[in-house]
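Before any questions on how it binds or moves, here is one chain, the form predicted on its own, in structure tokens.
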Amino acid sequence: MISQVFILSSKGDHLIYKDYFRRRNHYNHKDLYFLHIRQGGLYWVATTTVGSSPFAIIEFLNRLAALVKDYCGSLSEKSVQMNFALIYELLDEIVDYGYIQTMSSDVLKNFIQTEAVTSRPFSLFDLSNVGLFGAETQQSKVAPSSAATRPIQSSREQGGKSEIFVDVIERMTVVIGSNGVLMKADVEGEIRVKCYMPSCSEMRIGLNEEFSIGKSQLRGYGAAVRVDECSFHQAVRLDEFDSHRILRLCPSQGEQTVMQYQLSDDLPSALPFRLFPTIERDNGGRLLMYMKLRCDLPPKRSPLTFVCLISLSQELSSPDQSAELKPQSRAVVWQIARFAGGTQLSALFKLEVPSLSSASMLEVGPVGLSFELPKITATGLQIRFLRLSPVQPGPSQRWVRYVTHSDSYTIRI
């Protein structure tokens, strides 16, 4: 049973507060349990009484955040503030006297009447703002900038226009030793579907014919695409998966993750970035850090965002080369606006370090890379086709997008 629901800002300010038993300003910590998650820079909190499953409450909070994202278009403090009436209406419908009634957007769309209020801020981190659909620049002509971040209710107002987005998103965890040897390389990926179609009986997603799970026999005639583990949404039908690598499902309006997979220590392609560091001390007692960074992507590919974070162990003054020094975190941040594939960049940092010694030089590092790569998957997973049945009346558009970003990309020096 759920007693209260809070949505808090990153600073802990109340944005949304719902008490299902109307106990104003009364908290008994001995009888209540507080559970929370963090999504979209917000804290999603619920209180419950003894006897309730904490895992069920956590799942409820995750689904609540997904519903708010579907109905508001995005998760942020601003979007919650602008759509507080819509969120309160959602909370009234999905929970009744502390008991969860439904979390299905197909059911809720018959009861939710409040329209979402949206804004269109430009963001480099928004997947829909860049040419992820095959275009070579951000001036993509195949989809508007806010195509995948609008509320699902907006699909009713567009004169029969319907769209569906399939995103293949992968996160890399890499550790490279000080001798340049790869120590760890893991990839976690997922296929997300966001549907703006008022009705769709079935969708068929075709994966690589060579896609295999585990150490099983290779399939097809092309290069193998292998993962160690794979799981599917409960709505996905797998009767054609073993023979033809086809996922079948009836998507509901909103966003859902239809497939999750993982690959460990056996990447089919080379790492996207290599760093060659040199740490020295000059005659004046300054610490010299020479960083040569190489991008091993194809020549026409480049990361959307790229940040190099160099950890230090001493309090430092400002470096000579243009870079941001963060004394609080003891790190130098090297930001690169454009980094084309097949090229390399270098930087020389000269730092004044009090009482620099050979022992303190060994404490420099590690280096962390943060990046986002559009139109690339580390595992090689691709969508062969995306088919809808029956054929949708009126104009309909289907988009397939790929992105790989760093979860933790660490290089020891």
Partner chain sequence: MQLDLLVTDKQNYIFCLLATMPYLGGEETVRELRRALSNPNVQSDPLRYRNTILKVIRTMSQGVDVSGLFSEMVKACATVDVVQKKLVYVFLCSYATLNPELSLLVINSLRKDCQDPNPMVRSLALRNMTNLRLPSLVEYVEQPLTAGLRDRAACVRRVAVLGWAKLHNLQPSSEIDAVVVNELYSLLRDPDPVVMVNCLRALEEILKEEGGVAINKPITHHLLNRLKECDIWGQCEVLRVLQRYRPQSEDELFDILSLLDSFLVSPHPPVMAATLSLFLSVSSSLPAVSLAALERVSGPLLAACGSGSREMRFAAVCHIQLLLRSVPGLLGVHYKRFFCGYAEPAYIKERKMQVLVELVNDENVAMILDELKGYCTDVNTDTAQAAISAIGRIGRSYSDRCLQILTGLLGLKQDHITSAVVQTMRDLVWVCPQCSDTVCLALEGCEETLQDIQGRQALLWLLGVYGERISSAPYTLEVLIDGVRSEASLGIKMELLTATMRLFLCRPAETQDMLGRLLHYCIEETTDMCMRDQALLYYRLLHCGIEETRKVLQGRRSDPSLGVLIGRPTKPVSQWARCFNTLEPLSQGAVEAESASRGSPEHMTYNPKPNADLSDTLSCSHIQEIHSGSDNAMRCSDSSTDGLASSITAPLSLSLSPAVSPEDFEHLWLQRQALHTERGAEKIEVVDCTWIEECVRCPAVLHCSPQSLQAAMQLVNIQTLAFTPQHTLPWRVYLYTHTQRSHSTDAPNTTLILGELLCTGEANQKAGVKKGTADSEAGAEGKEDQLVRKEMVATADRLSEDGQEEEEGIKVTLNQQPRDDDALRQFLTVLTTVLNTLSSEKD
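Residue numbers count along the first chain shown, from 1. If you superpose the two forms and keep the largest set of C-alpha atoms that fall within 1.5 Å, you have the rigid core. The structure displayed is predicted, hence computed values, not measured ones.
This next part talks about the form predicted together with the partner chain, which is not shown.
Across the options 242-250, 68-76, 261-269, 332-340, residues that bring heavy atoms within 4.5 Å of the partner chain in the predicted complex belong to 261-269. Residues Asp13, Asp296 and Gly380 are none of them found to lie within 4.5 Å of the partner chain in the predicted complex, as judged by heavy atom distances. Proximity of Ser53 to the partner chain in the predicted complex: non-hydrogen atoms within 4.5 Å are present. The closest non-hydrogen atom of Asp186 lies within 4.5 Å of the partner chain in the predicted complex. The shortest heavy atom separation between Lys292 and the partner chain in the predicted complex exceeds 4.5 Å. Contact annotation for Glu352: none of its heavy atoms lies within 4.5 Å of the partner chain in the predicted complex.
Exactly one listed residue, out of Glu202, Asp92, Glu324, Asp106, brings a non-hydrogen atom to within 4.5 Å of the partner chain in the predicted complex: Asp92.
Although the partner chain is not shown here, in the predicted complex the stretch 228-252 places heavy atoms of Glu229, Ser231, Phe232, Gln234 within 4.5 Å of it, in sequence order. Core-superposed comparison between this form and the one not shown: the CA of Pro277 stays below a 2 Å shift. Once the cores line up, the CA of Gln260 ends up less than 2 angstroms apart between this form and the one not shown. Put the two forms on the same core and the Cα of Ile100 is off by 2 Å or more between this form and the one not shown.
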